[in-house]
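Single chain ahead, by itself, as structure tokens, in the form predicted alone.
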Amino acid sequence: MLSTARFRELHRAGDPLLLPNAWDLASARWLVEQGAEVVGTTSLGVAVAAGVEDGTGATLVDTIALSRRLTSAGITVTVDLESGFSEDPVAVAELVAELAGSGVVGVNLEDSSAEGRLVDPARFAAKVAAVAAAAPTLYLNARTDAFWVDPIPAASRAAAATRTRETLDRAQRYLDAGASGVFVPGSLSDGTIAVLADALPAPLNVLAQPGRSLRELGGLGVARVSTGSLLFRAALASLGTVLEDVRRGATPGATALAIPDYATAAALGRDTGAPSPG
């Protein structure tokens, strides 16, 4: 397992860390077999596998159990904690300190609510400060969701500029509070990524961007690239395609994957009410 210090060193602008995200021990071990030095968890994968909705704070027990399972297996892991599973900064800090004590090298906290709205940045900064004080060596990735909570049309430059300013303002608050790096999820233009990387005095983390290689993202100043829920969604897609290949008598895996989007996958964890028997 990597030390927290080594994990920090892997965040290099221009030579980004590729962080794949797992949802159970098998997927984490498989990713390590593929060469991953560090594995992140995906809150979507953990939630949907447990039959609950992502982002609602319903997977605290599952998340802790998974993190312990991975560290016990000798896997270096950084944990997605949604918004911290509490609005109390002290409770969030205690949770993170517990995870750090079990060998976790990093955590990810997000500044949006279960309703898909950005929260008060001062309140979120208080969580960041409490966590940074409780686990000072841990890598605290502060996720800010101005580009995530309400996706914008690619042609809307004015909206992108407004969200960039909002992102930078929030990110600086979180860095001042003690965050180690900043995660800005969403589909981002090259220009937006470059502006964020240039303006932020800390490592920038983005999601994998379709059509852009790790090297290209590094050229824009990115220090970490996460797969987020992508691998979990691709796994779901493979179930359907391989099943159809078997049904048709084709070589399993021959059909191209049609990966579901985040909303489609997230809906699998939503309780729609089970039909009554007979």
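What you see is a predicted model, and the numbers here were worked out from it, not measured in a lab. Heads up, when I say rigid core I mean the largest set of C-alphas that superpose within 1.5 Å between the two forms. All residue numbers refer to positions in the sequence shown, first residue = 1.
One more form of this protein should be noted, the form predicted in complex with another copy of the chain, which is absent from this view; the next part is about it.
Student: For Arg224, is any heavy atom within 4.5 Å of another copy of the chain in the predicted complex, or not?
Tutor: Arg224: no, not in contact with another copy of the chain in the predicted complex.
Student: Could you confirm whether Leu44 comes within 4.5 Å of another copy of the chain in the predicted complex, counting heavy atoms only?
Tutor: Yes - in the predicted complex, heavy atoms of Leu44 and another copy of the chain come within 4.5 Å of each other.
Student: Just to confirm, Arg68 within 4.5 Å of another copy of the chain in the predicted complex by heavy atoms?
Tutor: Flag for Arg68 set to no.
Student: Would Val52 sit within 4.5 Å of another copy of the chain in the predicted complex, counting heavy atoms only?
Tutor: Judged by the heavy-atom cut-off of 4.5 Å, Val52 is in contact with another copy of the chain in the predicted complex.
Student: Consider the chain as shown here, without its partner, and state which of Ala194, Leu175, Val119, Ala208 has a heavy atom within 4.5 Å of another copy of the chain in the predicted complex.
Tutor: By the 4.5 Å heavy-atom cutoff, the listed residue in contact is Ala208.
Student: For the heavy atom contacts within 4.5 Å of another copy of the chain in the predicted complex, list the residues of 109-132 involved, in sequence order.
Tutor: Nothing in this stretch is in contact.
Student: For Asp261, does the CA position differ by 2 Å or more between this form and the one not shown when the superposition is done on the rigid core?
Tutor: Result for Asp261: yes, a 2 Å-plus shift.
Student: Closer or farther: how do the CA atoms of Gly106 and Ala263 lie in the predicted complex, compared with the form shown, if the change is at least 3 Å?
Tutor: Relative to the displayed form, Gly106 and Ala263 move farther apart in the predicted complex - a change of at least 3 Å between their C-alphas.
Student: Might you say whether the CA atoms of Tyr262 and Ile193 end up closer or farther apart in the predicted complex than in this form? Their distance differs by 3 Å or more.
Tutor: It is farther: in the predicted complex, the C-alpha atoms of Tyr262 and Ile193 lie at least 3 Å more apart than they do here.
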